[in-house]
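One chain is shown next in structure tokens, namely the form predicted on its own.
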């Protein structure tokens, strides 16, 4: 009897602590999303009125017939794929380096130096990067000129604008993924590596069959988080390029923002809803694939 009461009270205490956070999530997370989806089914001219005019899927048909949106969607997916690969590869490589015995002195310094950009305000960091890329007085081109190398077009060229954003975001986000990898490396079973080494496994074989399988949780978490992060890329575009040059960095989030600013609320929220569905689908797929691979 006492055991049953104890179990009941533990459950109640658990829900008592969870309830405030659940309420905040619903109020500031779920509810605005539902309102946004609702607006996507209304006429833009009446979207903000108490009794809006509902137009069904008309806004979605308009959006999918818009070549600028389709181009921005494709651009967003390409940028996300490149950013996820670059950030996770860089973070994993640096985590392995810091976890090894190659860097003994200054290990803490390097960890802090790479993680510091993560807690740097987005706008401040990207303003500095915009100055670094400036062709007239930017530090990057000044350095290239001193070395006798050709100037880097940076944000002024359609060929290098996306690459420039990718590098800036790599600087800003990679430290977070590195910390996750380092935490996973710290709790791995090193006895398995020693056993593989004794059995004659090469360095690559130890990495492929011993270490990487143990890093699967970190890989799954980082992949899902990075997919969400880069599919909704916005701040770096607002600060550095405003979608240019020639719309080469006009991603879905920024294009939806432009339409919203023009009062085209129905189309803007339709784009946001489509992107939200893509984010959920891709993130859940990546998570399920990672979980399925872990059970093998």
Partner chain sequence: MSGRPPHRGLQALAYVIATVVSLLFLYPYWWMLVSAFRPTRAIMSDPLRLWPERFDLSIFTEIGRVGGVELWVYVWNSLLITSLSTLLSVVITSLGAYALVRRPDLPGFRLLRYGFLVTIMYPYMLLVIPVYLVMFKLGLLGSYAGIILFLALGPIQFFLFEQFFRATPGEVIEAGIIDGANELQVLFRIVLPMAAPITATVALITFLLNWSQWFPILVISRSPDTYTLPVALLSMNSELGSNFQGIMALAVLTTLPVAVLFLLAQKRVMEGMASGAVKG
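Positions refer to the first chain, counted from 1. Keep in mind the model is a prediction, meaning the values are calculated, not measured. Superpose the two forms; the largest set of C-alphas matching within 1.5 Å is the rigid core.
Below, we refer to the form predicted in complex with the partner chain, which is not included among the displayed structures.
> Using heavy atoms only and a 4.5 Å cut-off, determine which of 77, 162, 170, 185 is in contact with the partner chain in the predicted complex.
Filtering the options by heavy-atom distance leaves 170.
> Using 4.5 Å between non-hydrogen atoms, is residue 121 touching the partner chain in the predicted complex?
Contact with the partner chain, yes.
> Is residue 55 close enough to the partner chain in the predicted complex to count, meaning some heavy atom within 4.5 Å?
Judged by the heavy-atom cut-off of 4.5 Å, residue 55 is well away from the partner chain in the predicted complex.
> Is it the case that residue 61, even though its partner is missing from this view, gets within 4.5 Å of the partner chain in the predicted complex, heavy atoms only?
Judged by the heavy-atom cut-off of 4.5 Å, residue 61 is well away from the partner chain in the predicted complex.
> Does residue 208 make contact with the partner chain in the predicted complex, using a 4.5 Å heavy atom cut-off?
Residue 208: no contact with the partner chain in the predicted complex.
> Each of 112, 127 and 197 having a non-hydrogen atom within 4.5 Å of the partner chain in the predicted complex: is that the case here?
Yes, because 112, 127 and 197 each have a heavy atom that approaches the partner chain to within 4.5 Å in the predicted complex.
> Quick one: name the residues from 250 to 264 with any non-hydrogen atom within 4.5 angstroms of the partner chain in the predicted complex.
Contacts from 250 to 264: 253, 256, 257, 260.
> Indicate whether residue 70 shows a C-alpha shift of 2 Å or more between the shown form and the other one, with the rigid core used for the fit.
No, shifts by less than 2 Å.
> So with the core overlaid, does the Cα of residue 22 end up 2 Å or more away between the shown form and the other one?
Yes, shifts by 2 Å or more.
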